[in-house]
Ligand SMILES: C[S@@+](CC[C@H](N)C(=O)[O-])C[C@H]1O[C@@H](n2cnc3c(N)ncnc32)[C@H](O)[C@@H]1O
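Next up: a single chain in structure tokens, the form predicted on its own.
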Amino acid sequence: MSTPHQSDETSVMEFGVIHVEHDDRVLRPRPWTRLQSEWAAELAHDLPAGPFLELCTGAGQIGLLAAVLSGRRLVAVDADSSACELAARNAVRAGVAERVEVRAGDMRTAVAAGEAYALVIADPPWVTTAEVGRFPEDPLLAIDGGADGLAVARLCLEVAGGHLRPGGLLLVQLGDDAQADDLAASAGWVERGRRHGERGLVLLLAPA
């Protein structure tokens, strides 16, 4: 976990109807990823009651926009305390701090036994370790997804599987269709659709 500090490169950018503060400690928000937030808000109409959970929240923009658009409460988790600092500030900036809880730590322990969520939004790193050198401007923790880019994504499935309410769903961001095909074949899950963006895609999974 990185040591908290205030970057001299702090910027604020528009992300849908909210504005997001970010700096060189986190991955710069990608505009195309709004589709994950917007899809979450669409799904909210038919989901069971209860809050959303976001894993690998980064600066928080995807989960926060989903919370704003859906009216749901949000628990946002990231292993990096610096990212969590920014996510908490962005919750205030978005006007939803009273219904957003940001937690720093390993997702396997940051989400307590017995907690259940209507939707899990997962934004894991999905660049393969061999390719991370192509993106020197991005924090390694935010992009390194292991040998096949799916190491953290599989962990997100494990955590989500233990914390979804009956009828709940998982939205996970990935790099390409090959990764989506691989993850959709995971035991205990069934694909409910995928939507493509400029540089990646979002996969919708339901417990089998």
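Numbers follow the displayed sequence, beginning with 1. No experiment lies behind these values; they were computed from the predicted model shown.
One more form of this protein exists, namely the form predicted together with this ligand; it is left out here, but the text below deals with it.
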Handout entry: All of 168, 188 and 206 within 4.5 Å of this ligand in the model of the complex, heavy atom check
Key = no
Problem - Which of 86-94, 130-138, 99-107, 68-76 lines the interface with this ligand in the model of the complex (heavy atom within 4.5 Å) - result: 99-107
Practice task
Could you work out which of 160, 174, 183, 142 is the residue within 4.5 angstroms of this ligand in the model of the complex, going by heavy atoms?
Solution key: 142
Completion exercise
The one residue among 35, 41, 155, 47 placing a heavy atom within 4.5 Å of this ligand in the model of the complex is 155
Practice task
Please run the contact check for residue 164 against this ligand in the model of the complex: heavy atoms, 4.5 angstroms, yes or no?
Solution key: no
Practice task
Indicate whether residue 27 is a 4.5 Å heavy atom neighbour of this ligand in the model of the complex.
Solution key: yes
Problem - 4.5 Å heavy atom contact, residue 56 to this ligand in the model of the complex - result: yes
Practice task
May I ask you to check whether residue 62 falls inside a 4.5 Å heavy atom distance of this ligand in the model of the complex?
Solution key: yes
Handout entry: Partner contacts for 38-53, taking this ligand in the model of the complex and a 4.5 Å heavy atom cut-off
Key = none
